[in-house]
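Just the one chain here, laid out as structure tokens, in the form predicted alone.
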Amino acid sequence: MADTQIRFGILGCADIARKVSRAITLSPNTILYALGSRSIEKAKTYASVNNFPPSTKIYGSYEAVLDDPNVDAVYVPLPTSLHVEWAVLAAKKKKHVLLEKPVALNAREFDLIIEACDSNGVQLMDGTMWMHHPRTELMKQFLNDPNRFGQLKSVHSSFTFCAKPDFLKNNIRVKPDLDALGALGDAGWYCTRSILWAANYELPKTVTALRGPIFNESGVILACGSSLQWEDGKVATFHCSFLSNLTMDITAIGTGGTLHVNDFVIPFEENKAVFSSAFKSGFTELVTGWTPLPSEHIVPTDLPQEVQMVREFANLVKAIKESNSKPDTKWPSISRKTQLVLDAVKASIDKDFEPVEIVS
């Protein structure tokens, strides 16, 4: 299996595909095999500008990529409104699916994608890159340590960036027919995932959107927030926005310790990432400082997180192809839970900020 390289096709010429195509090229177990666009000229230009390998096949349609028998897997960075159509078709064509987030406009749509992947025996994973950084595993070890972190009590997460006027006018993430969830589906996806990750993917009982979301003239969310409540008393909040300075924070607080990370979506530097942890925190005798001081942890990585993601996905695909393994159900399950929370936040906004109970 070590010598097998998974051949990737990409559907569309989205901006984010520039980053993932580079990751496919850098990953030791994948080949950037094909690119499809609705315009073959656009695809040729995109491949040239983004330094695709000369061997990459260029197609003038998405269907042609899916019909290529040599394509093992596809990366789908299309607008969210197109995910069901093309992810389902990819699965029916026996192509494994790396799907950009948000995975769908709602969980009901995503269930159609899961069903298609399950019935055709193909792997499904969403494109949440930070989940695959080695820092994430080390942070998780701290959160799961009963002697240092203790029991999780609260999580606070934010992902904001100040979008330029052209983005706010023309980007697909502000178009109701393309990505109707706006900032909630884009930045809010990461916040929600970070909260569920900290809570070991235990779904909250209720979700209550915070008052004061901001919409554009088409009714797409540009900024919003929410609180989440669990039956055991855990709470969480998040804020996501296209209108505020770049921030990517997680604060997770336990009975014994606290985790802080300030760049969880995209690390400040590509080859390393930092987080801080504190436990048994208290004041000095004269209350002039803290003791013990929080610890800073620097986590190096030989490959960027998006390459780690592609490599892990390809390893799952190889296991299916060569060892008749079943597709890993962990990743679709995590995606679905993230989508369920987004659905509940949107429903709470639509219901004048009333609490919405999550039913899985």
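Quick note: we count residues from 1 along the sequence shown, nothing fancier. Predicted, not measured: the structure shown is a model, and the values here were computed from it.
What comes next is about the form predicted in complex with another copy of the chain, which is not displayed.
Single option in 263, 100, 109, 186 placed near another copy of the chain in the predicted complex, where near means a heavy atom within 4.5 Å: Looking at 263, 100, 109, 186 one by one, just 263 meets the 4.5 Å heavy-atom criterion.
Position in contact with another copy of the chain when the complex is considered in the predicted complex, options 168, 89, 178, 210, heavy atoms within 4.5 Å: Contact with another copy of the chain in the predicted complex is made by 210 alone.
Interface stretch in the predicted complex with another copy of the chain - options 288-296, 36-44, 329-337, 315-323, non-hydrogen atom within 4.5 Å: So the stretch in question is 288-296.
Partner contact for residue 245 in the predicted complex: another copy of the chain, 4.5 angstroms, heavy atom: Looking in the predicted complex, residue contacts with another copy of the chain include residue 245, since a heavy atom lies within 4.5 Å.
4.5 Å heavy atom contact, residue 134 to another copy of the chain in the predicted complex: Residue 134 lies outside the contact set for another copy of the chain.
Close approach of residue 255 to another copy of the chain in the predicted complex, 4.5 Å, heavy atom: Yes.
Touches another copy of the chain in the predicted complex: residue 81 (any heavy atom, 4.5 Å): Residue 81: no contact with another copy of the chain in the predicted complex.
Heavy atom distance at most 4.5 Å to another copy of the chain in the predicted complex, all of 77, 144 and 200: No residue of the spot touches another copy of the chain in the predicted complex.
Residues in 202-236 close to another copy of the chain in the predicted complex, defined by a heavy atom within 4.5 Å, in order: Contacting residues: 208, 210, 211, 212, 214, 227, 229, 233, 235.
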